[in-house]
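Here's a solo chain for you in structure tokens, the form predicted alone.
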Amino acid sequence: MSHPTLAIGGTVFLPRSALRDLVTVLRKRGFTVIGPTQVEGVVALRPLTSGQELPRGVRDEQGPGHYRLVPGEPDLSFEYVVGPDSPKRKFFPPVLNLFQFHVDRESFVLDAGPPQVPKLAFLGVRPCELAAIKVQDHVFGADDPRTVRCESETYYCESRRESFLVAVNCTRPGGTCFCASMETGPAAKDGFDLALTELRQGFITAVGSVRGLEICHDLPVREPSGAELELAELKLHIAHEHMGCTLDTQGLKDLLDQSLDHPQWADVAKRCLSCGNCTMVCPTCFCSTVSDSTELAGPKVMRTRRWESCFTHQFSATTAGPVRNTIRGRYRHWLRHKLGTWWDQFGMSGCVGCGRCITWCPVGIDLTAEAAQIRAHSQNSVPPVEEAPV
């Protein structure tokens, strides 16, 4: 098949049958391809050896505290949206062994450092996840070492430099999605190598980088027709207008800053389990803790980094005790950080509207509803409420 004129910023049409070719081409270039697979009733990110391993004819139903896979259109491969996993799990692993020593007489001898950075290609990254990657790039200094960040994280930065991102635009938002409110979707704007919009016969494919352009040269792509381009645009417009949730972001940071004693914080604390599920599934949360372990019967010493959650009681512990010793205080800290103080820290929002924190909350707490309640009843119209430590 003759190739159309290819250029960065241009679009081509990728036939549905060529989806397997995309996986093959990426693997031949040395990438481990990570994509959505159906695992124990959820769509989770796992290594792919073939495009045939992608779920097909599967749709998800999501709501506060609810997730279920149901039959969908048999010809479509991306009717579902995000599951509990995100690319963060690969770029910023839940558990990472930083180094291992052994004791030799009176000295420590290095046995192993961090694992080798993998060369990963992600297939099926959603626009909200691209936005989340952009947030973490800023946090860890992968976008520009001069930017304000938490700290420069070597493993993250190196794995990002090695990565290849194939985005899939959302033509069917989930029940907890609010990316339109956060201006992060449903169409990918930047940050991708290739971006696909699914039609029944194939994919309108936007080329976003030099590497994406190179991959297209190895695929049986053609020029998209005017009707195909129009249909893709229509599907994205409909998705934008049919989000599962909405969040009014107008003046939200100032509103939260002025509502520290709002009684809604106590109300949500009565429902919140302080389990930390929302932080574990969030694609932008970056808190971690480092621990050292030694063998009781041997000379080995291991330093390990693990994800941490601001919902744990010991997260804010000091010599005088935890700074946030109530569920009310911990939930307030988390929500204000996501929607407000992240702007102070990094100059952007810490929330990308993926809806995971709503779906995977065991009691179905919806941060968009909590923010709406605070907006509906300003601090000046209600008395402050205190709560005992929990």
Partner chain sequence: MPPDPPASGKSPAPGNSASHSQEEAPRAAIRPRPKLAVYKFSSCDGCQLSLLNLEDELLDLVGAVEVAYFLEARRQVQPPPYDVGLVEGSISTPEEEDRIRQVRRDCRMLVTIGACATSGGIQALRNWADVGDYVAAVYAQPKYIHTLETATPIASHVFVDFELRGCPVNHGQLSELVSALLVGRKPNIPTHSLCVECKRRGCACLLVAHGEPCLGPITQAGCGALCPAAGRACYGCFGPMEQPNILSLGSRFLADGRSAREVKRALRQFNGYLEPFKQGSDHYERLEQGKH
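Numbering follows the first chain given and starts at 1. These numbers were taken from a predicted model, which means no experiment stands behind them.
Here the subject shifts to the form predicted in complex with the partner chain, a form of this protein not shown in this document.
Among the residues 321, 41, 30, 347, the one placing a heavy atom within 4.5 Å of the partner chain in the predicted bound form is 41. The listed set 274, 169, 259, 163 contains one residue whose heavy atoms approach the partner chain in the predicted bound form to within 4.5 Å, identified as 274.
Contact between residue 99 and the partner chain in the predicted bound form is not found at the 4.5 Å heavy atom cutoff. Proximity of residue 65 to the partner chain in the predicted bound form falls within the 4.5 Å heavy atom cutoff. A residue is said to contact a partner when one of its heavy atoms sits within 4.5 Å of a partner heavy atom; residue 360 meets this definition for the partner chain in the predicted bound form.
When contacts are judged by a 4.5 Å heavy atom cut-off, residue 200 does not count as touching the partner chain in the predicted bound form. Segments offered: 242-250, 114-122, 307-315, 205-213. Contacting the partner chain in the predicted bound form at heavy atom distances within 4.5 Å is 307-315. Residue 89 is the sole member of 71-92 found to place a heavy atom within 4.5 Å of the partner chain in the predicted bound form.
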